[in-house]
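One chain follows as structure tokens, the form predicted alone.
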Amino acid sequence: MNTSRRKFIRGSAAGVVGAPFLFSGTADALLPVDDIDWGMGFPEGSTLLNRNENPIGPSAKAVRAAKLGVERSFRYADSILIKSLLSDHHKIPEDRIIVGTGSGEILNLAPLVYLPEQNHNMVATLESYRPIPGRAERLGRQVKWVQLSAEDNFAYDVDRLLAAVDADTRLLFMVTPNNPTGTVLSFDDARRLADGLPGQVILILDGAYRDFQEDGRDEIDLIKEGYENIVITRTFSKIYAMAGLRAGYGIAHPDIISRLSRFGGSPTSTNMAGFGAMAASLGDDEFVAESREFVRSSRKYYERELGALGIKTIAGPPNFILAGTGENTQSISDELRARKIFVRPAVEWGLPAYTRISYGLPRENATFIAALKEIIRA
């Protein structure tokens, strides 16, 4: 099936402008919306700088399309149509794309598919996103951790990564830009990794924050060139601010897509609201530019304010910053929590002297900085 973007949008997302909103008219009287905890369990009035969410929210186009999608949610959404749009967007054949319930679904499939034997192992960086290597460990497989160096601002070392690979390695998992360090694996280094791996090893590049990165060639070009040992994942959660809609996808050689598709990424992995929001958002360059500008201005603010407090910061393209809060990291986090301000101590990534702070709206960032000043000067 090959549905052009223009034809599809004309018939769905772009036509939402004249559609009735879901929660209007008699619907409000029937649905106890006031009883729903939209705070997800956090205290009312909390400042949430702990989940790498994009607080500017989805574009108006995405919101309108999602609302229409909810009205039509008695139907199954079919990700085949999203594949067609992604194919047009990335200029890559549809058989190289798998759509999931967030990119997490695709990533979670990899250990299941590529580590079938007890002796198989995965290589991953220690100071990085842990759930995917964690899944490998829960399967009883070894994860060979490669530690990044704080002295080098946690830069990736391709030679050390390749040296960790052995005859039993089947996966090398990378996050670029990295969470929580912001480290970027350059295009040339990605090629070096792919070229240096034995034939049995698949390189996974989790690109959740890749769209915030404005320079350099896109790693998807490697797959276009014919590389058969790379899986690249992307999500609408971050730059498109659609974390709660769980919309993501993977790109790889057709043989990899076929193997992953045996266990997940089915045509109905997409929900109807996410389907509409993806269709409306894809190719929305104006909104992407807005998200990038939000991150740039937030980064400058934090670097200035934290620098004035004598706190070292490490930041890359993504929507968060890593702050060197030292031996008082946990107590600072506890004090902030008492004020209903939530950040992420980085001990879970092997960085006990650092705190990851997600960028909030300007008033949220100012609330955090004001509280932090009071705490460290007390």
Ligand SMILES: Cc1ncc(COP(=O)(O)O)c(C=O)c1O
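Throughout, we count residues from 1 along the sequence that is shown. Just so you know, these numbers come straight off a predicted model, no measurement behind them.
As for the form predicted together with the named molecule, it is not shown, yet the points below apply to it.
Just to be sure I understand the contacts: of S103, S291, S79, S298, which is the one whose heavy atoms reach within 4.5 angstroms of the named molecule in the model of the complex?
Here the answer is residue option S103.
Exactly one of R210, R170, R141, R246 has a non-hydrogen atom within 4.5 Å of the named molecule in the model of the complex; which residue is it?
Spelling it out, the residue with a heavy atom inside the cut-off is R246.
Only one of these stretches, 217-225, 282-290, 259-267, 234-242, has heavy atoms within 4.5 Å of the named molecule in the model of the complex; which one is it?
The contacting stretch is 234-242.
Though only this chain appears here, would N179 touch the named molecule in the model of the complex if you measure heavy atom gaps against 4.5 Å?
Contact check for N179: yes, within 4.5 Å of the named molecule in the model of the complex.
Looking in the model of the complex, any heavy atom of L86 within 4.5 Å of the named molecule?
Contact with the named molecule, no.
At the 4.5 Å heavy atom threshold, is L107 in contact with the named molecule in the model of the complex?
Yes - in the model of the complex, heavy atoms of L107 and the named molecule come within 4.5 Å of each other.
V175 versus the named molecule, in the model of the complex: is there a non-hydrogen atom within 4.5 Å?
V175 belongs to the contact set for the named molecule.
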